[in-house]
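Below you will find one chain, with nothing else, as structure tokens; this is the form predicted alone, and questions on how it binds or moves follow later.
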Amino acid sequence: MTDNVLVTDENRVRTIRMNRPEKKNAITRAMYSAMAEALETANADVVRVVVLAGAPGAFSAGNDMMDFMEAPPHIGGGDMPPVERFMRALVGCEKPVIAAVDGLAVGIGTTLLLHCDLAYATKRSMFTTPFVNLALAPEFGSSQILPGIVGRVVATELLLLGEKWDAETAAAKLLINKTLPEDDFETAVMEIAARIAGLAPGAVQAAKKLINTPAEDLFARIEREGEIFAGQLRSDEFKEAATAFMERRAPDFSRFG
């Protein structure tokens, strides 16, 4: 473990905070391992939402270059490096993951957003992936995912030219959901997390899984949705939702999951 990653659980929301502000949250192997463990255990723990955060003014400056050069990762080349473990844990997290970006999001600090379910940023945030500038190449599916979101030529601005996007540009190009005021940024993000944590956990996880299932034949997807829908109709979660509707009150899903 490392003191450079802080993990806290409150009201079924797990916050994973990169805590190396003196290095603008440049990520070390130890930090990747700590964040991976926090994500992996979230699947089994009584956690409904995960929030990834950094320090004020610095979400992450990307990989710590000294640490990176000591053990350059080879993805799929043998022993799994900590960065791959982290990204696999992020992709495989069954609970919704929200990124709270305040300040720099460089390299993997931007790449990881493509694997979060929601992402919010302050107006002082900046996004860039300077891989080609460092004689490297895009990473962790960004060359496939980003063009699908913003289009090929726009993705080329970020992934090949290494251009810097401010928060408004990132929101306009759908890299993040929207910008939020700096003064109460984390409070606003936590309010969103609390909204999700208050929903039926089985339904939330089912929706996330469907949203992230690769494209398939439309009728195959309709059948997949129908099977899950039917299962939810038989669930205690739905019984609570239906009862609450009939009783004209807000449903209480606190006893589930």
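Each residue number is its position in the shown sequence, starting from 1. None of these values were measured; they are calculated from a predicted model.
The next section is about a form of this same protein that is not shown, the form predicted together with a small molecule.
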item	value
Check all three, E22, A61 and F68, heavy atom within 4.5 Å of the small molecule in the model of the complex	yes
The single option of V83, A170, V106, L112 touching the small molecule in the model of the complex, heavy atom within 4.5 Å	V106
Among the candidates L161, L174, I75, L134, the residue which, in the model of the complex, approaches the small molecule to within 4.5 Å (heavy atoms)	L134
Non-hydrogen atom contact V51 with the small molecule in the model of the complex at 4.5 angstroms	no
Heavy atom of A26 within 4.5 Å of the small molecule in the model of the complex	yes
The small molecule contact at P130 in the model of the complex, heavy atom, 4.5 Å	yes
Segment that reaches the small molecule in the model of the complex - one of 113-121, 149-157, 182-190, 98-106, heavy atoms within 4.5 Å	98-106
